[in-house]
Ligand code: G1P
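Shown next as structure tokens: one chain only, the form predicted on its own.
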Amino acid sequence: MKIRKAVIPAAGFGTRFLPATKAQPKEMLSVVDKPLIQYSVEEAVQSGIESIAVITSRGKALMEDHFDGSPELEQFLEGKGKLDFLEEVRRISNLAEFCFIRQKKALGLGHAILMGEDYVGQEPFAALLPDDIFDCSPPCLKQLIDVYTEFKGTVIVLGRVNEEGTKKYGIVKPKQISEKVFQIEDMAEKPGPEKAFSDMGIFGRYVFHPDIFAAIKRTAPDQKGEIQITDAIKLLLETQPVYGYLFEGKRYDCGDKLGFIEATVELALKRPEFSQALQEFLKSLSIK
């Protein structure tokens, strides 16, 4: 079955970016000239996704406006002859079919994904976390979809992490199937280096079998009262295989301030209109 739908959880407070996120969603912070969430949406569309449910919360209406039509702005741009900007604005509003679902209380990533159950129905679907920007060819999500198509089971993206990373990410116990594909035997949420199964962490891309919803409903909240998607996937392992894919490309952790800065600089360097001037500026810096 073709993967047609995606869920993008975007209901968090973004406290690590305060005060910038006091009055605007973290997902609308701009990396170069696009908001974070647009990178995830474009990756989904480039991977064949046609319909996207964004899980939102109070104060997140800017995301809805961003992907909606803007007749006044379009009329202004057309009148000024700014046709390149006009084309881009119209492209954004036509990227995909959107549905915005309100999560009234932050109860963890697992709960946020569960909010998309009625929208998704009984078909496989993707989930993308907008904190992560993947610079990959083919897109990271497309790599996962290809694995799902071959193995017909839930697939999560994996990346190598250092000891500090074992405190930040879910860590898997992998059984290698091929160079990049692994069957997951166990996993733990942020276990730390002493209890980590491996150096493979779970990053923010998933392709789920619809049975994940039943697993989430069976998942007990953690000490913070949140339902972790890692715990739900671990329950799913009891009834069906789950796979991990060591993706090819570059990932930026934009949920971290330094990662956000790195993404801004490196992605700007890839843009022809910025590359040369930015390189010259960086070379001119006197770093002590």
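Start at 1 with the first residue shown and count on from there. Computed from a predicted model, the values in this text were never measured in an experiment.
The next section is about a form of this same protein that is not shown, the form predicted together with 1-O-phosphono-alpha-D-glucopyranose.
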Of Pro139, Gly170, Gly116, Gly159, the one that lies within 4.5 Å of 1-O-phosphono-alpha-D-glucopyranose in the model of the complex (heavy atoms) = Gly170
Looking at Leu144, Ala196, Leu109, Ala215, which has any heavy atom no more than 4.5 Å from 1-O-phosphono-alpha-D-glucopyranose in the model of the complex?
-> Leu109
Does the 4.5 Å heavy atom contact test between Gln228 and 1-O-phosphono-alpha-D-glucopyranose in the model of the complex come out positive?
-> yes
Could you tell me if Phe203 has a non-hydrogen atom within 4.5 Å of 1-O-phosphono-alpha-D-glucopyranose in the model of the complex?
-> yes
Might Val207 be said to contact 1-O-phosphono-alpha-D-glucopyranose in the model of the complex, defining contact as any heavy atom within 4.5 Å?
-> no
State yes or no: in the model of the complex, is some non-hydrogen atom of Arg16 no more than 4.5 angstroms from a non-hydrogen atom of 1-O-phosphono-alpha-D-glucopyranose?
-> yes
Can you pick the stretch from 172 to 180, 188 to 196, 96 to 104, 68 to 76 whose heavy atoms fall within 4.5 Å of 1-O-phosphono-alpha-D-glucopyranose in the model of the complex?
-> 188 to 196
1-O-phosphono-alpha-D-glucopyranose in the model of the complex - contacting residues of 119 to 138, heavy atom within 4.5 Å | Leu129, Asp132
